[in-house]
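One chain follows as structure tokens, the form predicted on its own.
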Amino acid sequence: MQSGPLSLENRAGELQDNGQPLLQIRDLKVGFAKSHGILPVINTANLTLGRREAIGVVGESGSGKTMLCRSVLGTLDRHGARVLGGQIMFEAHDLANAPESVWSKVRGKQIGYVPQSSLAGLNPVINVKTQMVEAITAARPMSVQDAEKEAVELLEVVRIPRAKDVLREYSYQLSGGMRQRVMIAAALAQKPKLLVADEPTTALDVTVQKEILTLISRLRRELGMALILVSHDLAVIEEVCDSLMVMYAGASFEAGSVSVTVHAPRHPYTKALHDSRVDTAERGKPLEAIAGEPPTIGSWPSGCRFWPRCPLGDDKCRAGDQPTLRHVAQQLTACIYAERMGDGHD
């Protein structure tokens, strides 16, 4: 497309790098209000994202990845949770405790979202055209005809064939991969500066997963967006992202460039995630697994929350609070024994 809602020319003036991070999360704390008090689900989460940068957030189930996404989208209250402390700096404005009147100007318009389940994300009793038009006109009033034309362009951007026909269809008539492409198109409707993708290939077969990840990578580069990609799979993060933040038990455990952090981790948990990867396992040898189980949400052990499963854990690791991130070599790590890990896996 030479012109239209997503042309690079239209975005050129919008995304000039002013030297400041687009998003910076500092010591974020999130919890649920319960009858007996507060149930914490995120504690000391930290993330810095530059303009046009892609960061992967990785960790086992229950680590707080999805709640981190909801914090960035301002939808915690819909799930009975709230920010208990810390900052969510977006474009140098703190949104941590912003009212809905502020979030409504940010969510969808400046921060787009692709959920885990494309089936849950689309309304099954409303056709694709109605949902796309609603997304397009949410902040830019225009005629239905112009909105429909833009909807077709958006579907073509995400490489949906026979886009005009798809507009008339319902979600149950589309495959999982097609539904996810529609969700991505809807997320791009307001030309966001940041796209948050929370495990966007869940429940898709391997071939379709590859197509969706390739699509997201291409769009991120062509449209100059920043990207937060949530996954439990290091291979996915390594393929798509520039940098990485590892979460465990509601805390940030390690952060740095993908190339360094994946191959020369400075936290035993990151190393354990790498060593348990199926895609790098040696044929004929047992697949390594992380010993034990993650702690129950909110019932974290004292000291480092990984120590019950950690080969380096000792009495010093069990004492005090969860260690905070500190600079070691070329990344940030929360391990007090990071220096022992050297510069690689061997």
Ligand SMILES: Nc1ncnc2c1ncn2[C@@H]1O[C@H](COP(=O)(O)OP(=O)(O)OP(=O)(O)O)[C@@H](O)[C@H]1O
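Since we're looking at a predicted model, the values are computed, not measured. Residues carry their position along the shown sequence, with the first being 1.
Another form, the form predicted in complex with this ligand, is not on view; read the next lines as being about it.
- Partner proximity in the predicted complex, defined as non-hydrogen atoms within 4.5 angstroms of this ligand, places exactly one of 285 to 293, 45 to 53, 22 to 30, 59 to 67 at the interface: 59 to 67.
- A residue is said to contact a partner when one of its heavy atoms sits within 4.5 Å of a partner heavy atom; residue 38 fails this definition for this ligand in the predicted complex, lying far away.
- The closest non-hydrogen atom of residue 199 lies within 4.5 Å of this ligand in the predicted complex.
- Interface membership of residue 137, defined by any non-hydrogen atom within 4.5 Å of this ligand in the predicted complex, is ruled out.
- Proximity of residue 79 to this ligand in the predicted complex falls within the 4.5 Å heavy atom cutoff.
- For the residues 209, 116, 127, 110, the 4.5 Å heavy atom test against this ligand in the predicted complex is passed only by 116.
- Residues from 272 to 303 that approach this ligand in the predicted complex with a non-hydrogen atom within 4.5 Å are limited to 297.
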